[in-house]
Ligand SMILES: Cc1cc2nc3c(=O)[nH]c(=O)nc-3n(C[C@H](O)[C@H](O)[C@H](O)COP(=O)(O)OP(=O)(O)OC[C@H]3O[C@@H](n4cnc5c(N)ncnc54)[C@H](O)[C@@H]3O)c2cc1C
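Taking the form predicted on its own, here's one chain by itself in structure tokens.
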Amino acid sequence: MSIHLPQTLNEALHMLQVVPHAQILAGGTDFMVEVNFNKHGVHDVIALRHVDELKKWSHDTVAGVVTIGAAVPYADMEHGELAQLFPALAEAARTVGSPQIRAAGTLGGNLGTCSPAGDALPVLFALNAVINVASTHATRSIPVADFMRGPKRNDLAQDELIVSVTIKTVAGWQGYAKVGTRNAMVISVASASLVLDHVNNSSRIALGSVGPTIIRCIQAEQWLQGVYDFTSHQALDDSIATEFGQRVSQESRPIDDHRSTALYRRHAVGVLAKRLLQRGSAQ
């Protein structure tokens, strides 16, 4: 096994072209689990821990856009300015494993794995994030809904690397919630992220672990926009929150597996959606 340690993004892209089947490793928190359970062999590895360009984030206040490097760890998203800009991302980051995992795990790794149980992914869908990828000869910007193509499948070409994620800031409330088999350090049985856009008087809700990929509940969003004014600051009627949860539940496509049943997952995302809407409308 050969381990390549690029110092710059250009070096990493060149190595990926020379060794096209190499395993890209950021924190390794997903990949090493599969290795430990003999689900994945280890051959050539390109480790990105020394590529500082991938560990930075920036905020363009004029354009209202934040760019987060693919190797920024979850620990950096839990608190501080980034958490203030995207509270839902901070809430999701706090649920990712232990402090050691959050210090190593990254957005790029979550996107590279593309598991529907990835904690950050529903937030990226609800925020309409764009994934920026590069190779030695080109760059692309891909809407996250197009990037994630199925369970553990993404739109990356063999010679491409995830460089960063771009997200527009939103004037309004946003949140994340999940259900697991225990209260901490657990893979989600069901998760949801809700964004209430006060400028456009609209909502976006995305679900994790209840389908082959992350699910945007477009019909529930449209229904909610027709019955509730997010800019009015009026009290939310419980019947609206309840029906919103039911409509979200109906748009989920869960399965039975070793962590839960489809019936429970469908019920759980409905409850999560209802509670998120109640939280958001109370702000």
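The first residue of the sequence shown is number 1, and the count goes up from there. Nothing here was measured: the structure is a model prediction, and the numbers come from that model.
Below: the form predicted together with the named molecule, not depicted.
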| property | result |
| --- | --- |
| In the predicted complex, the one of 110, 203, 193, 209 near the named molecule [non-hydrogen atom within 4.5 angstroms] | 110 |
| Listed residue (48, 224, 66, 241) with a non-hydrogen atom within 4.5 angstroms of the named molecule in the predicted complex | 48 |
| Non-hydrogen atom contact residue 25 with the named molecule in the predicted complex at 4.5 angstroms | yes |
| Touches the named molecule in the predicted complex: residue 199 (any heavy atom, 4.5 Å) | no |
| Residue 82 within 4.5 Å of the named molecule in the predicted complex, heavy atoms | no |
| Interface membership of residue 171, the named molecule in the predicted complex, 4.5 Å heavy atom rule | no |
| Region of this chain that lies against the named molecule in the predicted complex, out of 209-217, 82-90, 135-143, 99-107 [heavy atom, 4.5 Å] | 99-107 |
| Site check 162, 178 and 186: each within 4.5 Å of the named molecule in the predicted complex by heavy atom | yes |
| Residues in 113-138 with any heavy atom within 4.5 Å of the named molecule in the predicted complex | 113, 117, 118, 119 |
